[in-house]
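Taking the form predicted on its own, here's one chain by itself in structure tokens.
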């Protein structure tokens, strides 16, 4: 079907595709949850916010499950290193996600204002905690994780949860929070009206500003103040490789190597910044649907910026660069990747078609009148 080198690149592309699918769909859910206690001034408005994502948030979260499945099936060694080394962070992520289903289901069960306010903050945490954890992990992947592989490819991780809070990783958190608040506010503007929609429009401007500034600062930091990684030994991309057999250089500015070799990649981060301000303009002109598509493109461009910079690395090691994992030495076998690819080709179009159908059927604005009319059946 495909040679080993090609199928590895295809699976790297599928990995990035699923990450994009997760952050585009579940991203606006996280953004709306983070905005919930601040944007909704009344209980009805907060219920409007929740019901704008109520029919689809559970399906959106499935992308995260798919992401874990792809990592386990196609990149088992990367999965093992990340989930063992970042065990505490993954637990915090899961506990944050646990707050969402119970928050949605129990928030409106009682009319007591204190009860509902408590669940509003729980839902806020259910949106903010995953964004913070995932942004910290992304920032630390760019910095490199402190792990070492022994001769049997067993990983020893020398860091802790607190060590994830490094300055560049914290800047990544600012980027992640601002980006998904922007994405959530755009979706909210699309699905609501009146005063709530106007408040969302203001959030779009400020979150776009914070995102653009922090994203540019991060780019400059990567260019002149951050160590990157580069394979300086030969590596056979067409066969199974031992990760410890290669030689990796760690030096300032190396994450820009791919941008130097392929200048067209520079258009990706540029489109992220231009797209963020295009969202502001489109929202002001009341092109809500196009504004949402543009904010989705911004999310995708941010992911592609990092992915394009790090390729072919998946999990660089900051303490023992030779232990760094790449797509060439941490993938499943050729046969396994081809078998998984066949299953993906069959199932993914079904999932995409069903997702598209759900969003089409459940399109339209949610209003306070809808909440009052369906008080007992909506969130």
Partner chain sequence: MISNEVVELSRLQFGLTAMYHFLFVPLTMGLAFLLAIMESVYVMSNKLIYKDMTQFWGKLFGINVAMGITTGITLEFQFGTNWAYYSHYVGDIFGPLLAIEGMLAFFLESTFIGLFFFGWQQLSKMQHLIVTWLLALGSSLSAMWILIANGWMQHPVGAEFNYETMRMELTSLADIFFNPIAQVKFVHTVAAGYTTGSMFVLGISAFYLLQNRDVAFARRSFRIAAGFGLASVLSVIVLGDESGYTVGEVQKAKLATIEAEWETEKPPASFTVFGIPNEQTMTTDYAIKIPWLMGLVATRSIDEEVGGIKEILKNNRKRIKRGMIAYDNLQKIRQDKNDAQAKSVFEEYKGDLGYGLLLKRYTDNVIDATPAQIDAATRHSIPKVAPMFWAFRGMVLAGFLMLFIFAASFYYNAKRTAHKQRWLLRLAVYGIPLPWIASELGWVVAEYGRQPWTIAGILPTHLSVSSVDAGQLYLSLAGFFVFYSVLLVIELFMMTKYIRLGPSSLHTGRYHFEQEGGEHV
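Bear in mind that the values here come from a model prediction, so they are computed numbers and not experimental data. Residue numbers count along the first chain shown, from 1.
Keep in mind that the form predicted in complex with its partner chain is missing from the display, and what follows is about it.
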Pick from 131, 143, 301, 99: which residue has any heavy atom within 4.5 angstroms of its partner chain in the predicted complex? 99
From the list 83, 259, 121, 205, which entry has a heavy atom within 4.5 Å of its partner chain in the predicted complex? 83
Its partner chain in the predicted complex reached by all of 106, 110 and 156, non-hydrogen atom within 4.5 Å: yes
Does any part of residue 374 reach within 4.5 Å of its partner chain in the predicted complex? Heavy atoms only, please. yes
Distance check, residue 87 to its partner chain in the predicted complex, heavy atom within 4.5 Å: yes
Partner proximity in the predicted complex: residue 52 to its partner chain, non-hydrogen atom cutoff 4.5 Å: no
Residue 313, heavy atom within 4.5 angstroms of its partner chain in the predicted complex: no
Among 176-184, 279-287, 214-222, 234-242, which stretch has residues with heavy atoms no more than 4.5 Å from its partner chain in the predicted complex? 234-242
Who in 65-103 is close to its partner chain in the predicted complex, meaning a heavy atom within 4.5 Å? 65, 66, 68, 69, 70, 72, 73, 76, 77, 79, 80, 83, 84, 87, 88, 90, 91, 93, 94, 95, 97, 98, 99, 101, 102
